[in-house]
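Just one chain follows, in the form predicted alone, and it is written as structure tokens.
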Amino acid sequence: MEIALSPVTAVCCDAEFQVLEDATIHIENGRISYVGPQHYAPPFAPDETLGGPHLVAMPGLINTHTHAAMTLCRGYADDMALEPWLHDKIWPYERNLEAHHVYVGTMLAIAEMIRGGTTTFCDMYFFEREGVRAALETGMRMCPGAVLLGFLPQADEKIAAARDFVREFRGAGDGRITPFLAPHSLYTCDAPQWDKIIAVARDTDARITTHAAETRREVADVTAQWGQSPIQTLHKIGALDAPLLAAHSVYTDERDREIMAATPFFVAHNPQSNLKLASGIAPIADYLARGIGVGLGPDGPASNNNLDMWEEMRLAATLHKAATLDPTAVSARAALEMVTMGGAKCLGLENEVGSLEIGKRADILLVDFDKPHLTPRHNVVSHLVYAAGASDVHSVMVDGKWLLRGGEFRTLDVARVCQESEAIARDLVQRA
């Protein structure tokens, strides 16, 4: 299907960070064939045209770290520190999870993400095949992680299965699925397990995503277990010989940051989850100054408690101003880059998504600026970061196919998903 978005204001999020008024975007075979001024647009006979002076087009938001099916335990365990939250509440709850639960929980997460303009997400959760099934059915772009908690039974078999998972699903859904390897952390997987995971990553050319340096206690535990900090340990064992995406990275020292800047190390920053769990504030301004790649993610819905990337973006732009007492620490542009091209680079997808450029996949969202809180339109980028929210998302497409159009879902039955999620969640709580 050929689609024209015209006229729109196009926030391209490209290298020049162009903002084009009275723009036109042409979409052919799922890719952008033209983006630029309306009066320079080449002849085009679209099957559908959507636009208006009130609509702002931008790349779909990219979520670099979440545990999607944890929507099922949203609000189940709140106002706790990370370690007792995990050990006493979350892991006992998750022991009763079944494959179908993860499918439904992921569908619920996808509904929330689509409504908020997220088009790509990197997931780390159990029964990863069920998460992929949900993404394939709904049209989302996904980087599913074959997760490993080393203390669970049959860990070695799970590593072998992860190799098969990567090979089976790479490129599924017309290229929408990019599998990752997802060892939970250095404190839940031992040295032999990490060696095997790194070997699988090299053999399959898959990226690794993990948790690292999230809390002071984690840093102390890993240092006691491995002899040095999480970042230095990842470097020593060869995990940073290829790109690695680390969620959180809150507690790092000078040597850690030197390693992060000198290796293909990427940070999935989770400001709201870190605040809610009182884990701390990551030194994101310093990471950006050193050229370390940073994306954003909400973490799981049990520690946030939503998947709203607009909130993460706004926090990224405001929290670090206060933390550094520098109002220029993380600009609106820098925050917007984190959820677009920055996120794409974290996932190795920068040649496919993350900006509005000719040849890229048509993962696009439209934001309705015909709202009091988005008026007057002095600075569109500033409004997107400091004023806009999920409720302002008008339409969302992935690969040139509508997932949400005019506020109406096109690929899932939200009422049914919510009803089934509620029933499953209640049953899991009773069995926890």
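Start at 1 and count along the sequence shown; that's the residue number. The structure presented is a predicted model; accordingly, all values stated were derived computationally and were not measured.
Note that the form predicted together with another copy of the chain isn't included here; everything after this is about it.
In the predicted complex, at least one heavy atom of residue 93 sits within 4.5 Å of a heavy atom of another copy of the chain.
Under a 4.5 angstroms non-hydrogen atom cutoff, another copy of the chain in the predicted complex has residue 251 among its neighbouring residues. In the predicted complex, residue 414 approaches another copy of the chain with a heavy atom inside 4.5 Å. Mapping the unseen interface onto this chain, residue 29 falls outside it, with no heavy atom inside 4.5 Å of another copy of the chain in the predicted complex.
Contact with another copy of the chain in the predicted complex, defined as a heavy atom within 4.5 Å, holds for exactly one of 78, 221, 357, 195, namely 78. Residue in contact with another copy of the chain in the predicted complex (any heavy atom within 4.5 Å), chosen from 175, 280, 238, 348: 280. Only one listed stretch (252-260, 126-134, 108-116, 183-191) carries heavy atoms within 4.5 Å of another copy of the chain in the predicted complex, and that stretch is 108-116. The three residues 9, 242 and 309 each lack any heavy atom within 4.5 Å of another copy of the chain in the predicted complex. Of the residues in 384-399, those that come within 4.5 Å of another copy of the chain in the predicted complex through at least one heavy atom are, in sequence order, 386, 387, 391.
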